[in-house]
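Read on for two forms of one protein chain; each stands alone as structure tokens, with the labels structure 1 and structure 2.
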Structure 1
């Protein structure tokens, strides 16, 4: 499903020095596999997810999604792969304030070609328990509810891979479990692979596969 090979990413710092962040010799995630990614703050977890999603380009290496090396594609095709194969959930501010819950879920469909399936959007919102909140704007939803809308939106285009960057960091422990359960069960039903970043041990412990970025990232290992 996901294959990383010889992946390197560095940033040019304001002073002009090169700051290496990622150096991943190899990493694989299977079809519908659910993995959690741990690592101390600043070790490059978000950067890694950005590179996988094609939001950032690596300095070198291979990022293969569903058999396609996206580093070889031009930006428009990468965008297309992201729209169709990758779902993304952020820590906060996932939703667009001007749009209702339903519209936020439909938004991703707008950017993938040829799919505009309102029934699926309603169905997903039903599965995250928000059938009664379709017309609500994000400002009138609780943070937990907002994250559930974000889960529904990330899955709207039937992606093959869900990237979640600390999706429960701003949710209280009770709702944290609810959101995690939701992500895991929905992805299992739709056989979507999960790569989820978290700082919470109680979340990480639920996953069969737990990865520490420091362990497979040679930059972090050196640091």
Structure 2
């Protein structure tokens, strides 16, 4: 499902020097496999997810999703692959302020499928405990509720790969397990691979595969 080979990514510092962030010789995630990614702050976890999703372009290497190397695609085609095959739960949620919770979830479907499935959107929001908040806009939702909307939106288009960046970081303990259960059960039922970043040991302990970025990213290993 996901193959990374010879992946390198760096950023230009204010002085003009390059700051290496990623140097990944090889990494693979199988179809419907569920894995957690751990690593200290600043070691490149979010950058790695952005590169996998095609949000950020690597300096070199292969990023293959469901048999397609997205590094060989132009921006428009990368966006299309992301809309069709990748669900992304952002740390900052990235909800649209002018749209309700239900509309935010259905909007993701429009990008991928060209049509909206209101029944699925309602079901996903209900499964994260937001049936009573369907018409509320992000500004009237708590931070934890916004996070749960973001989880539902990422699953809405039935992706092949789900990337999750700290999906429970802003969720209260009461709903944390509910969110993880929704992510894992939905992905299991629909054969979606999961690559989930977390700092929470109680979340990581639920996954059979736990990866440490320092172990396969040469830059992080040398820091």
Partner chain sequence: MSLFKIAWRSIQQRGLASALTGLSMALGVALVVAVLVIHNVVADSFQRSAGLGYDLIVGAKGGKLQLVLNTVYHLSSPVENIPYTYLKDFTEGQYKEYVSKAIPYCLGDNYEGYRVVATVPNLFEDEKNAPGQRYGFAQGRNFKGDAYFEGVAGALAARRLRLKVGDSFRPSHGVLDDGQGHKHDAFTIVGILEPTGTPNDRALFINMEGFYLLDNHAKPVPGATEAKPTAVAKHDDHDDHDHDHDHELKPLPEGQRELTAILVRTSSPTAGMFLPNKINEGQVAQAVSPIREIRGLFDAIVEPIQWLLLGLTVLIVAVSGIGILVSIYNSMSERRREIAVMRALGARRTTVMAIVLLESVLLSLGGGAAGWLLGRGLIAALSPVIVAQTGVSIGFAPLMPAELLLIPGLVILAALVGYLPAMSAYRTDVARSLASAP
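Numbering follows the first chain given and starts at 1. Heads up, when I say rigid core I mean the largest set of C-alphas that superpose within 1.5 Å between the two forms. Treat the numbers as computed from the prediction; the structure is a model and nothing was measured.
Participant: Given that just one of these two is the form predicted alone, which number is it?
Facilitator: Structure 2 is the matching one, since it is the form predicted alone.
Participant: Could you check whether residue 43 sits in the same rigid part as residue 74, given that the chain moves as two rigid parts between structure 1 and structure 2?
Facilitator: Same rigid part: residue 74 and residue 43 move together between structure 1 and structure 2.
Participant: Using C-alpha superposition, tell me how many degrees the smaller rigid part swings against the larger one between structure 1 and structure 2.
Facilitator: Relative rotation between structure 1 and structure 2 amounts to 13 degrees.
Participant: Give the rigid core superposed Cα shift of residue 129 between structure 1 and structure 2, in Å, rounded to one decimal.
Facilitator: Comparing between structure 1 and structure 2 after core fitting, residue 129 shifts 4.3 Å at its C-alpha.
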